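So this one's two forms of a single chain, laid out as structure tokens and tagged structure 1 and structure 2.
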Structure 1
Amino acid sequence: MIKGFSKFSQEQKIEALASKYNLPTSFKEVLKSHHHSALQDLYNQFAENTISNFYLPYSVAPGFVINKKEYAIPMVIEESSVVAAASKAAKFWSAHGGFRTEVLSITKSGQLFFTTEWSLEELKDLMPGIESALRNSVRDITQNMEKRGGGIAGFKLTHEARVDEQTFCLMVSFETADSMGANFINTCLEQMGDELVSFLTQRNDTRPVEINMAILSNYTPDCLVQCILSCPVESLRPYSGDYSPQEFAMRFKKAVKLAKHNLSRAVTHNKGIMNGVDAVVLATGNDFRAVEAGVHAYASRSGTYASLTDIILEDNVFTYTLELPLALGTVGGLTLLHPLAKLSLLLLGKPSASELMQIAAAAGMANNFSALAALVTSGIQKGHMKMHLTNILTTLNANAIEYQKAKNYFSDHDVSHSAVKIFLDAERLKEQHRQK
């Protein structure tokens, strides 16, 4: 056990790990070479026990037209093909009306769980008084949020009878303007918890009130955004491959139906949406775990986990829709602290949180559209394997000439690590012979 690790300097932490786990000198060198010469102190503050930085590719998908405004969308993602797929869909749809998006609601919620012998009816009768006392108790925190257009939106009491007869939840809904609002909501709730206890005990009642916990929820079914793509079926020809646009549209429709009704398929269908969404979430310094949890729980709200998109094929018009909850911020948290998150917001024209919800939804829709279009025509492996080949060649230290030769050869041969190695070994032997 390394004692006092968290108190060590960064240098000492690295030394301690290298020595305890017998790591080669390259360990230290790789970590050092990924430090930022000027900003490392800043990056070290974002988490604890930092010893270096993990690089994710910072990309741009240009040409997105969302509600008639053009965006170059910053995307941070380590998976190949995602940015290319988003860019391709952006280009196509920019010529067909673009992405039409709309924020349907922006309410988030927090939960104050408490246990008491008061009955549901008694508590319900007291709700107007409780509401007003709780609002008052956080006035110092909410007044600033109110200036920015947010605040407390409402209260709802529920009986948590499945846990036990004495447990209740006060659901408090919030609007948090351009911040994601986690700190604001949690601070309000913890303060409200104290107030709730004193409010009830001040009723000259001896029954105790115990706060179980006070915390925001990442389930945000009332912080919803919608995205719509629509064009004449005939226009889909650039995507239809060997099929007619009509056949392509029918195959696409069946793919969406499969993702509605088959759980295993729905999960991967939605994963494709999140490839695009998370790339924007990361690029703007938002919390992708929060977004992921909220989105997938929303996908299961009917009791069966299902696709987040839907399709209408009518009168030779293809209409594809997406609806998902996205609680994002463009101020607070890391959004303006992280140099590249700040830069992303600058590139997007300093959007409001609502605008960012729409941009992220459009990126998700773009990726899902491209993925599905590939799946129902040539399959996704063709594009993927091209990327895969590049990665294998990199591992094998291929030079530029070898790259080109391999790309030609594998355009009609199956890519695998061993096949590429055999090909490259043969090429290198031939080259040695030529040089003799």
Structure 2
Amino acid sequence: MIKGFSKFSQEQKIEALASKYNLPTSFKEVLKSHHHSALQDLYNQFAENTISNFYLPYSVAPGFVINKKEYAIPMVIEESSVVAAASKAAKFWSAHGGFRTEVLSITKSGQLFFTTEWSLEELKDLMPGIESALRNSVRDITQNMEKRGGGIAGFKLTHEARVDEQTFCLMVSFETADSMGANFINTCLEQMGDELVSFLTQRNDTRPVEINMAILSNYTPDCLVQCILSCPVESLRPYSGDYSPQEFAMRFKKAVKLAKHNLSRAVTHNKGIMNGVDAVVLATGNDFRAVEAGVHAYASRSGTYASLTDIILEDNVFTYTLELPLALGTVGGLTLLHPLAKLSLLLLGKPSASELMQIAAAAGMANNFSALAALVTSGIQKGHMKMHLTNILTTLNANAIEYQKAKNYFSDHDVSHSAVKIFLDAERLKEQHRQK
């Protein structure tokens, strides 16, 4: 065990790891090559025990038309096919009405769990007084948020009887304006916890009250955004491949229905949505882990995990909808602290949190539409692997000439790691013979 690791300098941490685990010189070289000469001190503040930076591509998907406004959407993701798919869908839908989005609600919540001998009925009778006391206890915290249009939205008391008869949850709803609001919510809840103990103890000091936890919830079913795509079925011809637009639309509808009723398919279907959503969330310095947890919980709200999208084919019109919870912020956290997150928000025109929710939803919809369109026509691998050709060639140490030859060859051949290796081996053998 390396003792005192957190107190070491960055250089000492790297040396200690290399020595402890007998790592090659390249371990230190690679870590140091990824240091940022101008911003390393800033990046070191983002996490504990930092020894380097893990870089991901920062890409842009241009041409998104969302509610008649054009965007170039920044995306941070390691998979090139995601950005390509989003860009292709954006171009197509920009000529067919674009992405229509709407924020349905913006409420987030936190939970105050407590244990007491007070009964549920007694606590319900006391709720008006509890609410007033708790609001007053955090007035100094909420006043600035209220000036920005946020604050406490409401309270709801539940009995957690499946845990034990003495445990309760006070669910507090918040609106946090352009902030994601995690720190704001948690600070309010902790102060409310102290006030709740005081309030109940003053009324009966023989009944002990214990706060179990005070924490925001990443389940945000009341922080919802909707995205809609719609066009005449005939307009889908560019995506229909060997099928007629009508056949394509029916195959697409069946794929959506399968994602509604088949668990394994639903997970992958929704993952395709999150390819686009997460890429925007990362690019803007938001918390993609919280978003992922909340979205997948929402997909299970009926008791069965299902698709987040739905489809209507009526009067020869294709209408595709997406609804998902997205608790995002454009102030606080890394949104302005990380230079590229700040740049992303500038590129997007300094959006409000509600506007960013709509942008992320559109990116998710674009990726899901492209994936499903490929699945029901040519298959996912044809386009996916062509986008990965560069990665495969890099892995196999292809030079510039080999790269160009491979690109030409695989323009009309299926791409796979083994196929590319066979091609390169043959080209290299030819080159050896030419040099003899």
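Numbering runs along the sequence of structure 1, starting at 1. In this text, rigid core is short for the largest set of C-alphas that superpose within 1.5 Å between two forms. These numbers were taken from a predicted model, which means no experiment stands behind them.
For the form predicted in complex with another copy of the chain, the corresponding chain is the one labelled structure 1. In the core-superposed comparison between the two structures, the C-alpha atom of residue 16 has shifted by less than 2 angstroms. Superposing the two forms on their core, we find that the Cα atom of residue 418 is displaced by 4.0 Å between the two structures.
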